[in-house]
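Below, in structure tokens: the form predicted alone, a single chain.
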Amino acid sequence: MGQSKIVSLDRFVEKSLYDKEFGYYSTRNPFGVSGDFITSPLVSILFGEMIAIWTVAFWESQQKPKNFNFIELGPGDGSLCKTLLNTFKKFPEFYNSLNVYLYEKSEHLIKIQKKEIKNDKVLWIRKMDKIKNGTSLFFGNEFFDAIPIKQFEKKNKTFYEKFIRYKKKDHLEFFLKKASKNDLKELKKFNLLKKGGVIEYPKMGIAELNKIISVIKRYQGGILLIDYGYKKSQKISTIQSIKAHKKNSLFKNIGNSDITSLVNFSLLKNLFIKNKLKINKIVSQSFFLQKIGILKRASILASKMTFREKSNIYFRMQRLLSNKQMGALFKVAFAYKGKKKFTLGFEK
């Protein structure tokens, strides 16, 4: 990549993940046991079924609009969408009003998704302006943790942005460069300059969210996000690289490992409020799934199962709901503009 080339942290991560020739998401299917990580839809089909039922309930709360758009952000290997469609079909009136959009930038993953999903209602998009008129619900599961972030640090009353320097072949190092005035304005707007330590700012993620918010404001609807993140401000770097389900050094296996960071849910909440959207209390994945009835559904299924099958479903529920696993680590946020208040899954 040339001698002493300097690139910002978010651009480095974007190139590592999405470069068309060698980017991580452009060259492989990273999902599942044989990949590098497992997402909730792959842990249990019940996850997808509960999201589908919650979606139908939202549609009903908005007086059953005749045109209803469901947009999945970063649909992975397509398995969640397949489960959603199978469940949606059980609600004919809802299904007749439904249009499904899959927002995906990886050509490689689109090919995998198209093999998995055969349905005329599904349209793949790269731009939000392709969404037709109609109440629009966006859903993202582990979408924002895969969007690159910027990092800043304060030294001697001056703010610096973290960059990466390529000194020579296979040798990379962090490098601090004075932060731009525009970025500092953004950080100030979200009250991020007050805290010490590492300041993480999802500039690319906010650009994506602004496009989504403009669709919601135009057509009504909302955005349901489930992601690995935090509600209270962190002062440390949360960026991490994963390969074969294990932590990997950020500068090793570039293009062959996943790079993620924790999602700052208080910042997202701030952004939604600034855009005059209603936002429910941010809750854990465990709280949300239990409130919408996943345990009851699991119990009904288990009543017809063998002991071995019951053990398997119990193990999968533990993974989704346990505070030591995905249950507490994953947070759920729902922001919306609609005719009526909708708090299913967010209130005691």
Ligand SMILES: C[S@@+](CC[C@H](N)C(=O)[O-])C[C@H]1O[C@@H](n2cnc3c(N)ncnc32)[C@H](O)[C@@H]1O
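Heads up: residue numbers just count along the shown sequence, starting at 1. Treat the numbers as computed from the prediction; the structure is a model and nothing was measured.
Note that the form predicted together with the named molecule isn't included here; everything after this is about it.
Residues within 4.5 angstroms of the named molecule in the predicted bound form, judged by any non-hydrogen atom, belong to 68-76 and to none of the other stretches in 154-162, 236-244, 68-76, 181-189.
Lys105 is the sole member of Lys132, Lys231, Lys105, Lys115 with a non-hydrogen atom lying within 4.5 angstroms of the named molecule in the predicted bound form. For the residues Thr39, Ser44, Gln62, Gln290, the 4.5 Å heavy atom test against the named molecule in the predicted bound form is passed only by Thr39. In the predicted bound form, the named molecule sits within 4.5 Å of a heavy atom belonging to Arg126. Heavy atoms of Ile147 reach within 4.5 Å of the named molecule in the predicted bound form, making it an interface residue. Within 4.5 Å of any heavy atom of the named molecule in the predicted bound form lies no heavy atom of Phe12. Mapping the unseen interface onto this chain, Ile254 falls outside it, with no heavy atom inside 4.5 Å of the named molecule in the predicted bound form. Taking a 4.5 Å heavy atom cutoff to the named molecule in the predicted bound form, the one contacting residue in 196-235 is Glu208.
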